[in-house]
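Below you will find one chain, with nothing else, as structure tokens; this is the form predicted alone, and questions on how it binds or moves follow later.
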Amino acid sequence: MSTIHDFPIFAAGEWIKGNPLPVINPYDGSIVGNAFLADDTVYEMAVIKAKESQTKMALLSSHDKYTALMHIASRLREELETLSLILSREAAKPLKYARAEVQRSIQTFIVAAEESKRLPREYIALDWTPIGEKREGLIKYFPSGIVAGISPFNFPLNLAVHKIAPAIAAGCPIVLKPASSTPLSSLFLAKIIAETALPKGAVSILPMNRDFADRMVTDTRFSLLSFTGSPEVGWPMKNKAGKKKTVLELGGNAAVIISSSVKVEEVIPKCIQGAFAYQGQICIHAQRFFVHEKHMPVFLDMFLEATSRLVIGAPDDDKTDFTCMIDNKNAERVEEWIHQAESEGAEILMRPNRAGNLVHPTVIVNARKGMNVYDEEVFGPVITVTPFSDFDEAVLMVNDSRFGLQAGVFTDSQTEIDKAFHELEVGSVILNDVPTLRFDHMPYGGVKDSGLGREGVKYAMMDMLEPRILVK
């Protein structure tokens, strides 16, 4: 990739160059590729063409959608290495994680292809009352309309795919705004989508500034807004969205409980990955660790030793485990939060040593409520470790948060498993693994400030479909 390539806007099947948007590698400042910002004319063209394609999309057979989705999956597999490098360089994502993201995107399209063949429908008897005698109903689900998708920088391909693939499977046109810092992987995907027989207007991928993102939120031509990002941005969007459905995936400060019953040495590798994969810039980053008091000394010793072995380097190096954050602004914020915690009594066991936008893995003990590193979503390579004496106490500490996305629970006790599943206020409980685990066909989303609605192909599709009943 020594040559810098242009990645034009993909607007309703047309390739357009607008105002230049150089995409910078956060690690070394080099230009990864040139994208372009959509203007008012391009935006209007994409939305109008999406509206025009609505009937054609709704009339596509399951076979048509399956064929298109499987073609995309197959071509992604062929382009895995090229796309992994693009993704690694634009997002400063270690290459091993970039490859995993492309592989997940392939799986997401395959799942969508399968789900396109089993759109829900049901028969209902209506003779429950005398007036309903000799009546019956057929319920069928129809595409709800145009989807407005807004995806973030941290999984620039797969989180875009989690909006695009269900929309195609449901028969809904979609206009997607990728993050301005990481648009290249989704624009590369657009080249593959353009190879299919989907109607023009079915998919548009428009890098845009925030003003146009706000316009998507309020534009009444969209039937659904699907947003992945921060609570500070997402909840105000819901208030502005008007009558359209809104799905929000807004992150959290995911917790891990390590019970007295587990063997600590067996959980350390998963905990390291959950804590520091992609520098903690993951909505389900394992941030708050609650460790049974009898395990605390051993857990900390083993965790710190394993952390010290992480290979820090360039994102596109196969050996790299850990690299820089997305930008200096976020690195400075994380460093400030660490200093705040220390000034208020927390102990830093592994110091950050920030160099530009590289913040080294950081482990904090004696953190408590009132500290940003404990209360808020750090979205960086920082964890807190807190002891507990009994499982009930751990559950209460996990729930004592405004967030509730996912939680990981390491335990061999069926009683604790049942308690965790029934009492933890989260969208998903991950047993004997970290909350950073996600399968692309499972319902994914949170409660409280962590969001509204669910992603995961089948569950995203349900928000893109409307039931209609034929009474006869």
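We number the residues from 1 along the sequence you see. What you are looking at is a predicted structure, and each value in this text was computed from that prediction instead of being measured.
Beyond the structure shown, there is the form predicted together with another copy of the chain, which is absent from this document and is the topic of what follows.
Visitor: Report the residue, out of Glu52, Asp28, Asp39, Glu423, that has at least one non-hydrogen atom within 4.5 angstroms of another copy of the chain in the predicted complex.
Guide: If I apply the 4.5 Å criterion carefully, the residue I get is Glu423.
Visitor: Looking at Thr220, Ser389, Asn239, Ser343, which is the one with a non-hydrogen atom within 4.5 Å of another copy of the chain in the predicted complex?
Guide: Of the candidates Thr220, Ser389, Asn239, Ser343, Asn239 is the one lying within 4.5 Å of another copy of the chain in the predicted complex.
Visitor: Which one of these stretches, 155-163, 120-128, 184-192, 291-299, sits within 4.5 Å of another copy of the chain in the predicted complex when only heavy atoms are counted?
Guide: Among the listed stretches, the partner-contacting one is 120-128.
Visitor: Arg135, Val447 and Tyr459 - do all three of these have some heavy atom no more than 4.5 Å from another copy of the chain in the predicted complex?
Guide: Heavy-atom distance to another copy of the chain in the predicted complex: all three under 4.5 Å.
Visitor: Give a yes/no on whether Asp317 approaches another copy of the chain to within 4.5 Å in the predicted complex, heavy atoms considered.
Guide: Result no; Asp317 lies far from another copy of the chain in the predicted complex.
Visitor: Would Gly33 sit within 4.5 Å of another copy of the chain in the predicted complex, counting heavy atoms only?
Guide: Although another copy of the chain is absent here, Gly33 would stay clear of it in the predicted complex, with no heavy atoms inside 4.5 Å.
Visitor: Taking another copy of the chain as it sits in the predicted complex, is Leu431 in contact with it (heavy atom to heavy atom, 4.5 Å or less)?
Guide: Judged by the heavy-atom cut-off of 4.5 Å, Leu431 is in contact with another copy of the chain in the predicted complex.
Visitor: Can you tell me whether Gln107 touches another copy of the chain? I mean in the predicted complex, with a 4.5 angstroms heavy atom cut-off.
Guide: Yes, contact at 4.5 Å.
Visitor: Can you tell me which bits of 447-472 touch another copy of the chain in the predicted complex, meaning any heavy atom within 4.5 Å?
Guide: In sequence order, Val447, Asp449, Leu452, Arg454, Lys458, Tyr459, Glu466, Pro467, Arg468, Ile469, Leu470, Val471, Lys472 come within 4.5 Å of the partner.
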